[in-house]
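Before any questions on binding or motion, here is one chain by itself as structure tokens, the form predicted on its own.
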């Protein structure tokens, strides 16, 4: 599973890249707005940090296919040609995905709440589809189950499209989808940190340090 950061705060992105094997960054207009800075400038800073070939997702804002295509061109101007353009999985979006596919521009069908949205986006030519796990839960459905159904649809129909699971509320959701073989997931910094945040892990590490000090009188291997 590819693991991406769903955030636009450059300090958090740098910290997580330093600690974890991160594959890229996803953004959306709401995430960019939270930075309080110019969205184009933020996207340029993120791209400059993660490098020209790392995965970076940015979202079109227009509501018509033609407008989405124009937004996509602007996004690539700002972020580089390897950027994945997020297109809403609505009728105008499916049209835009087809148009962009014809131009060789990679897209992600986003705002996915149902398996058929994902299927249609993939059939239109999207490289990724992004179901919103927690938002689906909040509608009274099982978000993890829906994502698994989407993965099965893509696999069984031999579709050249990867699931990018998004909108997680906890690390258990990420674990379940990772175990199922979902191709990629994007999560907020707190959820990524929680993947290995466990008092038992911390206690075990401290026990090893304490036992070494007790046996040798040394605080570190470099002193041994």
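Please read all numbers here as calculations on a predicted model, not as lab measurements. Residue numbers count along the first chain shown, from 1.
Omitted here: the form predicted together with a small molecule. The next part is about that form.
Can residue 94 be called a contact residue for the small molecule in the predicted bound form at 4.5 Å between heavy atoms?
Residue 94: no, not in contact with the small molecule in the predicted bound form.
Does any part of residue 132 reach within 4.5 Å of the small molecule in the predicted bound form? Heavy atoms only, please.
Flag for residue 132 set to yes.
Determine whether any heavy atom of residue 161 comes within 4.5 Å of a heavy atom of the small molecule in the predicted bound form, and answer yes or no.
Flag for residue 161 set to no.
Residue-level question: is residue 197 within 4.5 Å of the small molecule in the predicted bound form, judged on heavy atoms?
Contact with the small molecule, no.
Of these, 166, 192, 46, 58, which has a heavy atom no more than 4.5 Å from the small molecule in the predicted bound form?
Going through each option in turn, the one that passes is 166.
Just one of 61-69, 152-160, 166-174, 36-44 has heavy atoms within 4.5 Å of the small molecule in the predicted bound form; which?
That would be stretch 166-174.
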